[in-house]
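One chain follows as structure tokens, the form predicted on its own.
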């Protein structure tokens, strides 16, 4: 991932907060506290009482400040397809509702779809996302203009239809070219690979994608074990689960981020842990499509790095990671019939430090040296009453808070949301563009 300092504001800025929720594994909180930023990085965090002398700009944050949220799995340009294919299971949803429309996408469509997605995520306090889609130069352009951090993993699969660039070989070549052109752009973008899934690609394609990811030393993200039936044919052909197959052909030798990972055996989970495969847990999308509930507790107990993902806005139907932050521990506790399995500190970590670790970025925790991706949350709301101890703030963040309480957001020290308004994206124009383009896509397939 890029260092994140290129083009960042110069001059020291202090965020003086009613509370600083650091997001570390210990759940450390400073009340009141300060976060000092310089050159796009955090240079000091601690209690106000012992803060060093400061001569730069001071920004009052009367609520709390926390690390930016990290969305580890998204297809955000699908704001163009929000609501399409309601009520269909994954396979029919893809083949009959989504892919036919995507065959008509233009780069301009994807730019505006991603722009609207950036505005939605930033407004919700999401400072980084991992995006797998098509027309990836348009995705890069959109995130750079929005000032959002992004791991762009170009989608690789055989798209239904005919025409140039629709085969996996051409898409893999294009992904390699994008890596050469855009990795590190503006200190915000890194480029990985996004082979769609083992059930949509031949073994030859998976092998080639794994090889290229190793050569580039970049992240490969793949949909894995999302539904109970997707790998039945592969298991019949190869007499092994998909994780075992990916390991046998060398894919797991790369830096792999597995999206969904719902239907895993005990041996699969042990393998992911051994091979240091991270998981993007998408509880709301999995629930909406009826795909199942991932074994979050088992993954964490095995030592697997887990972050949270919204998936695309056509299967969620929003990009609000606060909803995932609450739903993930709720489902984990319900599955285990045990209220103690995921505490508030651990749940919060899934959306912050876990996601940052899964994407390999220096964010997710407010600490010196980390990227200055910071969110200011209002606490002058009944949802934050009462607060009798530091632990109450963390509990309220996980179980009570919501995206509408996000007041300000900084990415690499640059403010992109102020007083609840996204200042880096013209969301009115983006919404107008997406509305018109979505109507054209619907007409193209004879809605």
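Positions refer to the first chain, counted from 1. Bear in mind the structure is a predicted one, so any value in this text is a computation, not a measurement.
Only in words, not in the display: the form predicted together with another copy of the chain, which the text now covers.
- In the model of the complex, at least one heavy atom of residue 392 sits within 4.5 Å of a heavy atom of another copy of the chain.
- Another copy of the chain is not shown here, but in the model of the complex it comes within 4.5 Å of a heavy atom of residue 116.
- Residue 423 falls outside the set of residues with a heavy atom inside 4.5 Å of another copy of the chain in the model of the complex.
- None of the heavy atoms of residue 201 is located within 4.5 Å of another copy of the chain in the model of the complex.
- Only one of 267, 170, 180, 334 comes within 4.5 Å of another copy of the chain in the model of the complex through a heavy atom, and that residue is 334.
- Only one of 196, 326, 295, 135 comes within 4.5 Å of another copy of the chain in the model of the complex through a heavy atom, and that residue is 326.
- Residues within 4.5 angstroms of another copy of the chain in the model of the complex, judged by any non-hydrogen atom, belong to 383-391 and to none of the other stretches in 383-391, 408-416, 64-72, 46-54.
- Three-residue candidate spot 79, 287 and 404; every residue lies within 4.5 angstroms of another copy of the chain in the model of the complex by at least one non-hydrogen atom.
- Scanning 40-54 for heavy atoms within 4.5 Å of another copy of the chain in the model of the complex gives no residues at all.
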